[in-house]
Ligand SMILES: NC(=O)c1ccc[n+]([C@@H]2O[C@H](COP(=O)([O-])OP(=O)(O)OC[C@H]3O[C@@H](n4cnc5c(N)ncnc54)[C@H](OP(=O)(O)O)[C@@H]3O)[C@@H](O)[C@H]2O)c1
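One chain follows as structure tokens, the form predicted on its own.
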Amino acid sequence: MHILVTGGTGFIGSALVPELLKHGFSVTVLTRSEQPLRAGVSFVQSLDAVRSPVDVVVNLAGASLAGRRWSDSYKAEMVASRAGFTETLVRWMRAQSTPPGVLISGSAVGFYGCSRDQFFDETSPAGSGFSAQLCQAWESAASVVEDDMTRVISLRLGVVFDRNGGALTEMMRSFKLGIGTWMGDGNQWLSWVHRTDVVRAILHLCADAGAKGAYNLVAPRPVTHREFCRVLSARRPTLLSLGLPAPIMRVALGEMADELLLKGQRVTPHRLLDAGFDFRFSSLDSALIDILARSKR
């Protein structure tokens, strides 16, 4: 089976590609920069260079939501690199003599907007705000290619945790100095997932011939930011814990502070669980034990 991965050198893609190779797949990675030769992987810098046919496309490309302050120009970059690129990818897929049978395309739990009271599952409607609008556009661009020959899966990802990158690296900075921190009042929800389970879920959905539509890719047990601080402090002892004032964060980060840090959403992976997926890391404590243990190696 030949799998094309866009964003294959990013935080999730760099963990996915080795697992695809372990399962015996042929892998092509679309990347903007030249990469060193690697057994079993073809690196290309344009879709025109992809060797056909492709059986599965895993679309993880896109500028980071937390890459920098959300100026109008950076918002435009995020839309172009996610929804805009997906439109280009879909046109390429439809032009193939043998279209790929599966498109697994990124999205995020930001689709639902923010709430402290609601539970969100895949039947919940789209919310409001820039993140929600971006995710709607992203998923809409992917859905265009769905037909009798191609099934489309949208991965509504939560905050992905693992060592050496991603949100956890940033969230742990103060803990390394002995200070536990949360953002704002700390009562906002954090729907998280271990990167290992992200990779396992992608493989699971790829193999499930009936899988299509949106799937929330989050661990079954979301936590508040205060709870995150408490659980991490038990594994990485701190001298004190405190909240970072919301007004200061808004001044420093603008709109991004509210949508990504000071508000949140409590999301359940209903469809994944119904599909028989077994999370290896269903609790935050189990995830942190694994990540911190491997960080010491």
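If you're wondering where the values come from, they're calculated on a predicted model, not measured in any experiment. Numbering starts at 1 and runs along the sequence shown.
There is another form of this protein, the form predicted in complex with the named molecule, and it is not shown here; the text below is about that form.
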(request) Let me know the one among Val54, Ala61, Leu261, Val27 whose heavy atoms come within 4.5 Å of the named molecule in the model of the complex, would you? (result) Ala61
(message) Under a 4.5 angstroms heavy atom criterion, identify the one residue in Thr31, Ser233, Ser42, Thr268 near the named molecule in the model of the complex.
(response) Thr31
(request) Spell out, yes or no, whether the shortest heavy atom distance between Glu77 and the named molecule in the model of the complex is within 4.5 Å. (result) yes
(request) Verify the contact flag for His194: yes if a non-hydrogen atom of it lies within 4.5 Å of a non-hydrogen atom of the named molecule in the model of the complex, no if not. (result) no
(request) Answer for Phe277 alone: is it within 4.5 Å of the named molecule in the model of the complex, judged on heavy atom distances? (result) no
(request) May I ask you to state whether Trp138 is within 4.5 Å of the named molecule in the model of the complex, using heavy atom distances? (result) yes
(message) Heavy atoms within 4.5 Å of the named molecule in the model of the complex: which stretch in 205-213, 93-101, 159-167, 117-125 meets that?
(response) 159-167
(request) May I ask you to list the residues of 6-28 that have any heavy atom within 4.5 angstroms of the named molecule in the model of the complex, in sequence order? (result) Gly7, Thr9, Gly10, Phe11, Ile12, Gly13
